[in-house]
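Only one chain is included here, represented as structure tokens and corresponding to the form predicted alone.
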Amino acid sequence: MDTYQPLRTAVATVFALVVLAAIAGGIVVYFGLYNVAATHEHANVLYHLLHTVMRRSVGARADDIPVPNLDSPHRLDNGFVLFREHCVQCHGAPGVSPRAFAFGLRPAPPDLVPPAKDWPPSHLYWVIKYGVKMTAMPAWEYQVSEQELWDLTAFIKRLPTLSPADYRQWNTRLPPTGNTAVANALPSSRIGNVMAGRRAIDEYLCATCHQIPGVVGGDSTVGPPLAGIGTRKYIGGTLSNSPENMLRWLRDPQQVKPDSAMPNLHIREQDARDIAAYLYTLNQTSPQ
């Protein structure tokens, strides 16, 4: 008697199910059966699967992050200003509705009171800093400073204690100044870091206009391909190619060439140094 027959049968059954699932998934993808319109909510199973994946992923990466003191009045005030400028448009606030565009996002941006109650500060900080794929939650790592990331975290943790009247008092006490620009300067002493530049390429949406070797989605032809950019004679057809000029171009191309289609992305100085360091590694022949 073959004592391994039940095991072989079980393995064969599992394999057949996997193959069938792959075929079914392929049919759904190929024939466009899944409706990706934002006017249709996610299937319930998919929604809960994505949410579970997100929570487990954040926990695995954020559990050991040390948390600074979040009770400083100055930190909370600055966190409120940042929240009003960058967060309330999608998430709303006590007594404040999100902006109209947020109603069309899928998955819908959550009210932040429940996660502020239930999530550890390090988890909130991680999501604010790195964002979440397949949602509209952006990564703020390249837009605000490390201190400001924690300021935002501190204020969000305070949200469950605020009534609509409390939020209005904060808004009255800290009126908008009219200066809505995000801080974009960091100390310039650190040399460019290639790996940080590769990440920054994603964050500043470079792949939406350029072909970039090794970057997912980097196949756009709006701007010139970036392969081999380090060996070209000129940058933007105007500046001689040097690290200093690359920084000038990345920081404010419109100042260098006013009719350039490349906009000023308000790239922070250190991010520009990192991106330049990465670009100079793309020294292979440009794709045809």
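Here the structure is a predicted model, which means the values were calculated and not measured. One-based numbering along the sequence shown.
Just so you know, the form predicted together with a small molecule exists too; it's not on screen, but the next bit is about it.
- Not displayed here, the small molecule is kept clear of Ala62 by more than 4.5 Å at the level of heavy atoms in the model of the complex.
- Although the partner is absent here, Trp140 lies within 4.5 Å of the small molecule in the model of the complex, judged by heavy atoms.
- The shortest heavy atom separation between Thr135 and the small molecule in the model of the complex is within 4.5 Å.
- Of the heavy atoms in Gly223, some are within 4.5 Å of the small molecule in the model of the complex.
- In terms of contact with the small molecule in the model of the complex, the residue from Ala196, Val96, Leu162, Cys90 that brings a heavy atom within 4.5 Å is Cys90.
- Within 4.5 Å of the small molecule in the model of the complex, a heavy atom is found for none of Val11, Ile23 and Val215.
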